[in-house]
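This document starts with one chain, in the form predicted alone, laid out as structure tokens.
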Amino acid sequence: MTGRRLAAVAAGLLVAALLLLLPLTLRPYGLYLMSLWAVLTIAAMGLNLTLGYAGQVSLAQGAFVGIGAYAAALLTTAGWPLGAGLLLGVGLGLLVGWLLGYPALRVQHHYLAFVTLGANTLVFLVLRNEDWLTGGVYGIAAIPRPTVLGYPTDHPLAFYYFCLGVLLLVGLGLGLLLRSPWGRAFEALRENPVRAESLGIDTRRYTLLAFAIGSAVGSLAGAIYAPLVQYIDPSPFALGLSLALLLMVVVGGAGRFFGPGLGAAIAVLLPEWLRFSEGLYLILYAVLVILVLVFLPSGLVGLADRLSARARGEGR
């Protein structure tokens, strides 16, 4: 085993140990933040597939989180298990994401961003105005937490491990997808659509698949978010969430498998660490994010890769 692989294995074991053992020392609010990190990482992983691997700009990922959250909330408050909400949310995410992919067949770059921005606004307006279905601005309360394999997840620590387990399953699924011919087709689509089509890749099909799968993963995250907070209304699923998820992908490293997790950690935890500055913490957070975007265009994971490559070069 090479030194690089050993270092990667050691880092992975360290991260796994922290994710499993650190929550045992945390209070309920800390466990909530860790659970929120896991949920947002799942949503950002879906956007990373669409944007980072397939090269399709989307400002609608927050809307798909909302679709999944409302699907889970409506079914679980009506007495259905969370599994039914997960299936409904993922199914709706696949369908709407597939439909949203059609504009990507005609427009690209900032034009596509405006199209997905409009889709995000449309979903938000439906969630806010269709009181008969979503409860409107009053939202949906008393969302129950699931029982998994006979174990209730009402306790914050139990629900965190549930979120962590779902994150692991999603990560394994996306990892296998990206190593498959589909993953290589997505990367070819991102690098040069014309060349990909000349090589026999059905760019139309893979563009639609990138939107559909990425959107479904976002809806899955929303279906877990609903029982995490146990009350939802339309406001969290406005444009701000889509921009925050985009920020997580870019800061962590678009097209890097572990980028969304690192970006979500920065977005969720850094504001908490900066609260000592009281009213200045949002300014400090914004400045740090701007510095990362300006000086680290490949994200934090890209910086780690460059440092590792430089260290190997100096070692020879």
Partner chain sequence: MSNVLQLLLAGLATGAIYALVAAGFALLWQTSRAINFAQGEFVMLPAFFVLAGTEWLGLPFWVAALLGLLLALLLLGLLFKRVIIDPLLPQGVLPVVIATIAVGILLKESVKEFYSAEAQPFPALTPGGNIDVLGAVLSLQDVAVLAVAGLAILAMQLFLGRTRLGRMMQATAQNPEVAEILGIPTRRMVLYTFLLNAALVTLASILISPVYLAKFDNGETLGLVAFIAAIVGGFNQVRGAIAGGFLVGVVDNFGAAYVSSDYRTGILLLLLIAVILLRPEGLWGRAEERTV
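Positions refer to the first chain, counted from 1. These numbers were taken from a predicted model, which means no experiment stands behind them.
If you look for the form predicted together with the partner chain, you will not find it shown, but the lines that follow are about it.
Comment: 118-126 is the region of 69-77, 88-96, 216-224, 118-126 lying near the partner chain in the model of the complex, near meaning a non-hydrogen atom within 4.5 Å. In the model of the complex, residue 157 stays away from the partner chain, with no heavy atom inside 4.5 Å.
In the model of the complex, residue 208 stays away from the partner chain, with no heavy atom inside 4.5 Å. Interface residue remark: residue 20 is not counted as part of the site for the partner chain in the model of the complex, having no heavy atom within 4.5 Å. The partner chain is not drawn, but in the model of the complex it has no heavy atom within 4.5 Å of residue 171. Against the partner chain in the model of the complex, the set 59, 290 and 297 is in full contact: each member has a heavy atom within 4.5 Å.
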